[in-house]
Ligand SMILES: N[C@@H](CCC(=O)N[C@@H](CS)C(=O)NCC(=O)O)C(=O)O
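A single chain comes next, written as structure tokens; it is the form predicted alone.
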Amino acid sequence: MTRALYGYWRSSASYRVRIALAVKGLAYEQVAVNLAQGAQTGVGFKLLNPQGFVPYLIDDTAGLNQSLAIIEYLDEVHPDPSLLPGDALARARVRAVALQIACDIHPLNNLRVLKYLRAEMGQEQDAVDTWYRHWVETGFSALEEIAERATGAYLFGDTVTLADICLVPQMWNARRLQADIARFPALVAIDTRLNALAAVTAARPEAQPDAVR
């Protein structure tokens, strides 16, 4: 079977899929799409994904976009270890946290949004950084309450779930842009435990072949 992940080393959404693949022990080829150089807008990539976003997964003859859809597909096709709990209510709660991160926090701070603030809206870098930190810290305030109630090592027990897979990249980006994560000790503790896992370490941005060092 051919499996290839089109992504960018610093893309949070690509990072999520790398973690999922690593947790499940699935081999794949990495194909770098340099977002900083605009490779996602090129004709070649847009023939694959007209939306022009990463990640994009090719799994044999199937092509998939959108990180959460990709991860849930992988979880259904390769169910061990499962990234979602067994009962409907628990699955809904895990998905809700994943969506808080992937739909409410991340899109406001995506590279294309920050570029638009600078280029089209004429904002200085300090203002853009303030925008980023405001929305990350606002989102983390709600997540901290969930983390405080966690009864295991991670957000939902002692196994890695879809919610944890979304948390790790968002925490990495928050540190990179100097958000005040010290305000969220429960999230920091869970993220620290997740980053001690070999699968998560392997997926880290700086460990990728296209990383800029």
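The first residue of the sequence shown is number 1, and the count goes up from there. The structure displayed is predicted, hence computed values, not measured ones.
What follows is about the form predicted together with the named molecule, which we do not show.
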Review point. Any of the heavy atoms of Gln170 lying within 4.5 Å of the named molecule in the predicted bound form?
Key: no
Practice item. With heavy atoms only and a cut-off of 4.5 Å, decide whether Val54 touches the named molecule in the predicted bound form. Key: yes
Check your understanding: Can any non-hydrogen atom of Val23 be found within 4.5 angstroms of the named molecule in the predicted bound form?
Key -> no
Review point. At the 4.5 Å heavy atom threshold, is Arg118 in contact with the named molecule in the predicted bound form?
Key: no
Exercise for review: Would you point out which of 177 to 185, 66 to 74, 153 to 161, 140 to 148 contains residues with a non-hydrogen atom within 4.5 Å of the named molecule in the predicted bound form?
Suggested key: 66 to 74
**Study point:** The unique member of Leu111, Ala92, Ala127, Leu99 whose heavy atoms fall within 4.5 Å of the named molecule in the predicted bound form
**Key:** Leu111
Review point. Which residues in 10 to 49 have a heavy atom within 4.5 Å of the named molecule in the predicted bound form?
Key: Ser11, Ser12, Ala13, Arg16, Leu35, Gln40
